[in-house]
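Given as structure tokens, the chain that follows is alone and in the form predicted alone.
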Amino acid sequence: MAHHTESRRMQLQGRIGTWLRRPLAHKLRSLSNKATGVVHWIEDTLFEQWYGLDCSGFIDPHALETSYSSALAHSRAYQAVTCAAIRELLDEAKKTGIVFEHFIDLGSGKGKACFYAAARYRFRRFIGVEFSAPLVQAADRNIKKFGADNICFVNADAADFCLPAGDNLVYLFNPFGEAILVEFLKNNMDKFRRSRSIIAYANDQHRLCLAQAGFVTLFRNQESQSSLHQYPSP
């Protein structure tokens, strides 16, 4: 027992020593990131508790239940986006001056992005698109707690989803891989060409697909990896 205690003490001392040897700028950045993470956690917790929502949890992509088997191979793990990440992109979208009719969340999970957008911003309708039926059911339960009649969740493969007519703000929190994003763009290019719709992309790992499809980047935060994209007007 004494040997294990001494071993843990030495490991702790080693980690502390490693941290102390880091440059001051690295130490300050590390502390700042941790403090920011705590602030985001508090905000998210308070938001969900205020409206009685259940958006928490982490589900490995292999554990997601869906009837869209072809899309499963391109899926990402379920994890709710932070309020801060949603707010950053919605605030930037607001600066464009476009009056969006619909807020569309592709890979909506339990619905957090839709609920946050509904609580803080003005859209006529909020639509969440999610390929996992159990997550759609969880989002529907959250609607009853949130109390809104202009939010709906659709159990569908985003690759086949057709955007409604009008100016849409399409939100993605890196819900799927490149193949699904490319198919979604192909199926909706006419809608993007005929409107001022914008894609708000958080954790934009496949943003090059948008550039290759002809979209221009209106905004990008290198640090948060969040960006806005729009197809140029003819």
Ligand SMILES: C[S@@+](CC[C@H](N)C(=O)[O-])C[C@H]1O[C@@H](n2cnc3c(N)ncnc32)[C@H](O)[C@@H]1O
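As the structure is a prediction and not an experimental result, all values here were calculated from the model. Residue indices: 1-based, along the sequence shown.
One more form of this protein exists, namely the form predicted together with this ligand; it is left out here, but the text below deals with it.
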Would you classify L64 as touching this ligand in the model of the complex, given a 4.5 Å non-hydrogen atom cut-off?
yes
Taking the shortest heavy atom distance, is Y78 within 4.5 Å of this ligand in the model of the complex?
yes
Should D157 be counted as a contact of this ligand in the model of the complex, where contact means heavy atoms within 4.5 Å?
yes
Within 4.5 Å, heavy atoms only: does A113 come near this ligand in the model of the complex?
yes
Sole residue of V129, I151, L89, A117 within 4.5 Å of this ligand in the model of the complex, by heavy atom
V129
Just to confirm the contact call: exactly one of 93 to 101, 130 to 138, 143 to 151, 117 to 125 touches this ligand in the model of the complex at a 4.5 Å heavy atom cutoff, so which is it?
130 to 138
Partner contacts for 89 to 114, taking this ligand in the model of the complex and a 4.5 Å heavy atom cut-off:
D105, G107, S108, G109, K112, A113
